[in-house]
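One chain comes next, on its own, written out as structure tokens in the form predicted alone.
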Amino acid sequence: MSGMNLTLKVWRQKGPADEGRMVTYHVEDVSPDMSFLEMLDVLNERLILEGDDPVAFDHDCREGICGMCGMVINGVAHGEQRATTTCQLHMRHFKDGDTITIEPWRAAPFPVVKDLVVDRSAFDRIIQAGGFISVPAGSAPDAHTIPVKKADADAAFDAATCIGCGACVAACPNGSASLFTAAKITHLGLLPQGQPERDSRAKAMVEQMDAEGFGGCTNTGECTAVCPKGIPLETIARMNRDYLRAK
């Protein structure tokens, strides 16, 4: 079975000061078993052989774990497959002759470094604002030393699955980082170990999020629709409750 022939319209930008533009490429004989990033690898190999600059994009584990990969594919963060990172999106979801547009995350706090690569260090500063938890270091405690309700444990684990990819920001019409920040606040705030700094953590992280220039949440729900880990919208409501209590 022969591969697919695709037309790619890729955002190319030499650096933060460059205006950037969409450039059209044609990729032939693409196997449906390739991942989306593997397809871009094929394009880049050809560009290098032709003496052109390869398309820059973030990637690391390529297993949907690290959160490094991220791009807007046909207008949707990570593409149209639900609960799927870009690296886990496979070409079998596209058809021969398709035209695919590929752009970086679009948000003021995520400046473009080059092509599809954006600077997401604003997320790092939000996490840093949360500080640490006051628990003694040492050997692991025995199981069930600190009882945790099943519902709380499940909700905390769901929030902790956030990989910090930034799709929520890219999809939000306000460029809000509320889902990301809420996930980081919630996964500690629901557990006994996170209670001593619960209020100060929520206050500091929300205020840092605002200081970074992210927009406010208006509950459109686009963030959770594209979140590869399916973090629910109610996580933001929990963050807002903690923040109001802290204030």
Partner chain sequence: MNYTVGEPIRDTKAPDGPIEERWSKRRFAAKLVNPANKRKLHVIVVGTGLAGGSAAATLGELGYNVTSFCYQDSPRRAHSIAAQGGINAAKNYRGDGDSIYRLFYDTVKGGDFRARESNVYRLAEVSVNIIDQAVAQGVPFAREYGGLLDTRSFGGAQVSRTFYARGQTGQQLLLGAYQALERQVAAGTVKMHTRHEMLDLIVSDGRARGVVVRDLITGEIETHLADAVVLATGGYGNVFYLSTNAKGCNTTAIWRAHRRGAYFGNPCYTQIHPTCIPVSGDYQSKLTLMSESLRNDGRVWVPLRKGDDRAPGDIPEDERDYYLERIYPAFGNLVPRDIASRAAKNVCDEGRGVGPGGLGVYLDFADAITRLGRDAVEKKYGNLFEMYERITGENPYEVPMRIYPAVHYTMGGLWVDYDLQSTIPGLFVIGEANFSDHGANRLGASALMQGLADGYFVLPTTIGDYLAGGPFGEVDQDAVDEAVGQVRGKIDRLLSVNGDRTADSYHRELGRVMWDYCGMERTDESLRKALERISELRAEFWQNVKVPGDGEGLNQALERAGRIADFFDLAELMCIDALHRTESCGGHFRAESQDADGEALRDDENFAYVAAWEYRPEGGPVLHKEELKYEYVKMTQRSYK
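Residue numbers count along the first chain shown, from 1. Since the model is a prediction, treat every value here as computed from it, not as a measurement.
What comes next is about the form predicted together with its partner chain, which does not appear here.
Partner proximity in the predicted bound form: G97 to its partner chain, non-hydrogen atom cutoff 4.5 Å: Because no heavy atom of G97 falls inside 4.5 Å of its partner chain in the predicted bound form, the answer is no.
Contact test in the predicted bound form: P54 vs its partner chain, heavy atoms, 4.5 Å: Looking in the predicted bound form, residue contacts with its partner chain include P54, since a heavy atom lies within 4.5 Å.
Interface membership of R120, its partner chain in the predicted bound form, 4.5 Å heavy atom rule: R120: yes, in contact with its partner chain in the predicted bound form.
is_contact(Q195, its partner chain) in the predicted bound form, heavy atom dist at most 4.5 Å: Q195 lies outside the contact set for its partner chain.
Stretch 50-89 - residues with a heavy atom within 4.5 Å of its partner chain in the predicted bound form: Residues within 4.5 Å: G51, D52, P54, V55, A56, F57, D58, H59, D60, C61, R62, E63, I65, C66, G67, M68, R82, A83, T84, Q88.
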